[in-house]
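Next come structure tokens for two forms of one protein chain, structure 1 first, structure 2 second.
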Structure 1
Amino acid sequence: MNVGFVGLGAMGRGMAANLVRAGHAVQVWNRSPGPVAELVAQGASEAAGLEAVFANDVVISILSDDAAFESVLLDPRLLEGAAATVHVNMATISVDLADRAAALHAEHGLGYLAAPVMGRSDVAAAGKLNIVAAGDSGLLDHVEPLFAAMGQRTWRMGDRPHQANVVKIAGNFLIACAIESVAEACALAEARGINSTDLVDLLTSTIFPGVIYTGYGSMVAERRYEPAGFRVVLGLKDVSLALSAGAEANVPLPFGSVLRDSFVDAIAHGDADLDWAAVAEVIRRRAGLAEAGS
């Protein structure tokens, strides 16, 4: 399949590389040239511009946030001249923007699917992502071979693209809740002289098994926040998306306000580019516990 791929960040690089390895003709575009050269060395081709990207049968994009997606790809002139059958947006964006994107694509006769992913960059590189997809079922069938190259399973969540975004936002909200709760439990243990690594080992071996509590629990206990798999600033973005989605549907998310304040606090203390597990240091500061490394 001829694929135009936009966005070669930590996630996109591995995803595009897996499409190349699966035998698809992948044309890549990125705002910075370094990742493009990396993918070209692996067998992709460089797009001369976004117009060239949208001349492919399928366009896949994964950009960092609403602002990036809207500024780069929601240009009516770009969509008007597109020859592509469908644009698959694999980024986590707001429900409102997902609706506007779907409407604008439809206006120009271009299919639009939402397919945000679950998994960090190492999972993307291994082709083991879980892909949350929504939109026209025929278009989903058309791009399923691409999903199969990038992920281990595709979860179809409805025929309206924004439904996939709601599911992804809800999932990230739950992860943020888990990180906050582990951080609070570890702070409580540390304040009473208990080794938080021992606490996490006990909890994840008994009542809270699974990759989220095990992975993030060990990061919190060990105060290990680099390299960042998902940065604090992106955590704030996704918590804010959850709060906005809740407000639009009159669904209160009271714990969301707690999470938002924790992420803002972390950013204010210079931790924006650490892994989002670093919100644990906010809890430790509030509890008067020692700073990491002190």
Structure 2
Amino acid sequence: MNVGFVGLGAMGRGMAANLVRAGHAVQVWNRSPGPVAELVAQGASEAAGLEAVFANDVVISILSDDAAFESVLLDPRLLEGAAATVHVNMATISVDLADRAAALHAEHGLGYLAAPVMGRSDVAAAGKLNIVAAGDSGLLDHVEPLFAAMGQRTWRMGDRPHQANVVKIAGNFLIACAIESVAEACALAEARGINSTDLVDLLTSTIFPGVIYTGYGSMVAERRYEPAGFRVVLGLKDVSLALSAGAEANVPLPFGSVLRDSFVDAIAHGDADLDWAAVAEVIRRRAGLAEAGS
């Protein structure tokens, strides 16, 4: 398949390489030239510009955030001239922007799919991503060979693109909930003279296995928040996205409201750039347990 690929960041690089490896004709575009050269060395071709990218049958993009996506790709003149069948946006963006993007593409006769991914850059490089996809099912069928080259499984969530974004936001919301839950449990334990590491070890060895409780649990117990895999400010942003997505659909999210207050509190104490597990320090401070370690 002819694929135009926009966004060769930590994630995009591995994903594009896997498309090349699977035999697709991949034309890449990136703001900075380094990653382009790297991909060309692996068999991709360099796109002359974004217009060229949109001349391919399928366009895949994965840019860092709403602002980048909006400024680089949501350009009526770009979409107007596009020959592509479909644009697959694999970035995590807001529900609102997903709706606007879908509408704008439709105006110009272009298909639009949302397909945010679960997994970090090493998983992307290994072609083992979980791909959360939504949009027209015919279009999803059409690009499935591409998903198969990049991921271990595609999870179809509905026929409106924003549904995939909602699912991705819900997943991040659940991670934040798990962190806060563990933080409260650890504060309770510590105030009673129990070692948090012992508590987390017990729980993750028994009823709470998995990367989230194990990874964030040990960070919370050991109060180790650097290097930051995902920063507190981004945590606040994601929780706010969940709250907005909820409010627009009339869904109150009381755990989300607690999380929002906690992330604001963390930022008020200078922890904006620590890993979002640092939200655990909020409850320790509130319980008067924070002096020892921070």
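The term rigid core refers to the maximal set of C-alpha atoms that superpose within 1.5 Å between the two forms. Note that the structure is predicted; figures quoted are calculated from it, not measured. By convention here, residues take numbers in order along the sequence of structure 1, the first being 1.
The form predicted in complex with a further copy of the same chain corresponds to structure 2; structure 1 is the other form. Remark: the rigid segments turn against one another between the two structures, and the hinge among Lys168, Met90, Ser196, Gly135 is at Lys168. As a two-part rigid-body motion between the two structures, the smaller part of the chain turns against the larger by 17°, taken from C-alpha fits. We note a C-alpha movement of 7.1 Å at Ala266 between the two structures, with the rigid core held in register. Its Cα shifted by 3.7 Å between the two structures, Tyr216 is reported here after superposition on the rigid core.
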